[in-house]
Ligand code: JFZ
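Below sits a lone chain in C-alpha cells, taken as the form predicted on its own.
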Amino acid sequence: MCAVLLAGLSACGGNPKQPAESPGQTAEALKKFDDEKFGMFIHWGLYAIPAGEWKGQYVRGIGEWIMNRARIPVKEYEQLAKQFNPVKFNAGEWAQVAKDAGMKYVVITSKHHDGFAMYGSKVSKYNIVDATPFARDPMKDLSAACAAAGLGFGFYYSQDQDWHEPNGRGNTWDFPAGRNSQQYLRDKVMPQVKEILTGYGQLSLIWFDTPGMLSDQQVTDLRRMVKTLQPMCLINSRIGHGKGDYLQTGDNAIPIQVYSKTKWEVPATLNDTWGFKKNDHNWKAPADLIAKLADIVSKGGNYLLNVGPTAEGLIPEESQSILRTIGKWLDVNGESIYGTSASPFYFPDITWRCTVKPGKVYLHLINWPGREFRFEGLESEVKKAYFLANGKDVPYKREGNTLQFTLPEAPVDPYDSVLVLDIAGTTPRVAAGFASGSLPAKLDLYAWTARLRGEEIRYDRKSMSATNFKNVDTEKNELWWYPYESLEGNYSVEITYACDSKAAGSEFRIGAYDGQNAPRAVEGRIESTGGEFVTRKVKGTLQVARDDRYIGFSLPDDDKSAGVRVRKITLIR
C-alpha cells in the first residue's frame, strides 16, 4: 500500500525535491480543454445488471445509486460481480460513437460510489478482472482506442463516497459507526488513483465527485499526487476545498447567463439516469441537445454528455442515434463551436445564442424567430452576414447598434441555424447595456434554461413549457435555475403558465435556495387560464443573494396542478 503522503511523494513515485505543480502545464491543458467543448461521459458498472430494479421492485432515482437507494447490503451487492460479463464490449466501437458525435474527449467511471473498480486494480480484489467472469481490463482497451481515435481520455473516480468500505462515506446501513477518512485515503484512494494515473497513458483529466468527508489537507495531498505524476492531467472542482482546476457545475445545471469567472463544464444526461436503467426511455431530442450545446458553449462551458452502457457492454441504440445526429450537425457547424469564446452579449430570451472567434460572430438561432430577426448591441461594422450551413448571404438593415435581418421562411437547419457575421476588427464592440454581466431590469427565466428535476417532469419544445409536476418524495419534480452570482438583488416576480380548470388549485413556490437555510420565497396559487398561456404577478418580493445555489419553482404540497404548463418566471429588479 502507498504510505500517507504528508511530507512528500517519494512513496508513490514522486520526487519531493521537485515542484509539485507546473502552472504552465495546467494552463496549457486548460486551453486545450476549453477548445474541445464537447465530451462523452460514460457511467458503467455493476449497477447496469439490476438496471433500476431490485428483487422485482422498481427503485426510483438514477441507476448507479441503486445500492444506496435500495439500501442493499454489501454482501448482497457483491454477488452482482459474479454475473458481470460484458462480452459485447468493443472499445473501438465506443470510441467511434464518441468520434461520430463530434466529441473530443471521453471520461469513464473507474470506481463509482459502489466501490467496485472497473479496471484491474491491485489494491482491491473487488474489481472487474478479479471478481467477474469477464476477467480482463476493459479500460486498457478503451484508453488505447481513444488514443487511436485522437480522443482525450480521462477517469471518473469517487474519492469520498464508497459504500463498499466501512471507512468510505455513504453506507450507513452496513456501517453505522464513525469513519476513519485517513485510513480510507491511505489504503484505497491514494493507491488506486496512482494506479489509474500510471497504468493508462496520458490522462486528460480526473473527474472526482461528491466531496464531503476529506479534509483540506487530505485533498491537498491528493491533488499534489495527481499533479506530480501527471502535470497535464486536469482536476475538476469536485475534488473539494477549492482545489480543482476548473468548475464542475451541478448535474444538468447550466448557468442562466455567461459565466467567465473560471472555466467550467456541465455534466449532463441523455435521459433521466447516468447508469443504465432498462425502463428509462425519456430520451432528450437532438434538437434540444444541440441547442444545449450551443447554450453551454456560448456561456463559456464544456458539455460532458453521458451514455450508460448495458451490462453486456453495449451503448444503447437510442443513445447512439441521438449522438450521431449531433455529430452530423457538428460536421457542418463545428466552426461555430470548437475553439470559440463565450458570448460578449447577455441573452434576453431563448431565441439565440452567440459564440465568437477573431473577426467573427456566430449567432445560433436555436428557436426560429420567423422572417425577421432583430439583434441588438453590436457596434462593430458588419462586413458580411451569411448562414454557415450553406454560405448564402442574409440581407439586413442597420439602425445604430441594431441589426434587422430578413430570414427565409423556414430554418436553414432544423436544429440550430448558425448566422455568421464577419466584422471589422478582431473583437466585437458591444454597446453599453448589452454586454454579458449587465443584465436588464426585467429578466425572463425560461423553463428551457432550467434543470428539469424528477423522473416525471417533461418539456414541450413547441409550447416552450414544462409540465407533469408529480408530487413524489425523491427526486421532486421541480424547475431549478442556476444564477452563478449574476442575480443578487430584490425582485418582483411574474409567472407565465397555462392551466385548465381541472388542474387548478395547487399552491406554488418560487424560491432562492442557498443549500443550507430555508428558501427566501414568494408563493401563489395555480388558477385556471382556460388552457391559454397568461402572465400573472406573484405577491411579494424575492430576495436573491450572491451565493444562492439556485432559484426553484415547485408545487410543494400536492400535485393537483401537475398538468400546469410553466413557460417562464420573470424577475423584475
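In this text, all values refer to a predicted model and were calculated from it rather than measured experimentally. The first residue of the sequence shown is number 1, and the count goes up from there.
Missing here is the form predicted together with this ligand; even so, the following discussion is about that form.
Of the candidate stretches 511-519, 35-43, 49-57, 538-546, only 35-43 has residues whose heavy atoms lie within 4.5 Å of this ligand in the predicted bound form. Contact annotation for residue 105: none of its heavy atoms lies within 4.5 Å of this ligand in the predicted bound form. In the predicted bound form, this ligand sits beyond 4.5 Å of every heavy atom of residue 164. Interface membership of residue 250, defined by any non-hydrogen atom within 4.5 Å of this ligand in the predicted bound form, is confirmed. The closest heavy atom approach of residue 112 to this ligand in the predicted bound form falls within 4.5 Å.
Contact annotation: of the candidates 140, 451, 186, 357, the single residue with a non-hydrogen atom within 4.5 angstroms of this ligand in the predicted bound form is 451. For the residues 172, 210, 490, 262, the 4.5 Å heavy atom test against this ligand in the predicted bound form is passed only by 210. Contact annotation for 34-67: residues with any non-hydrogen atom within 4.5 angstroms of this ligand in the predicted bound form are 41, 43, 62, 64, 65, listed in sequence order.
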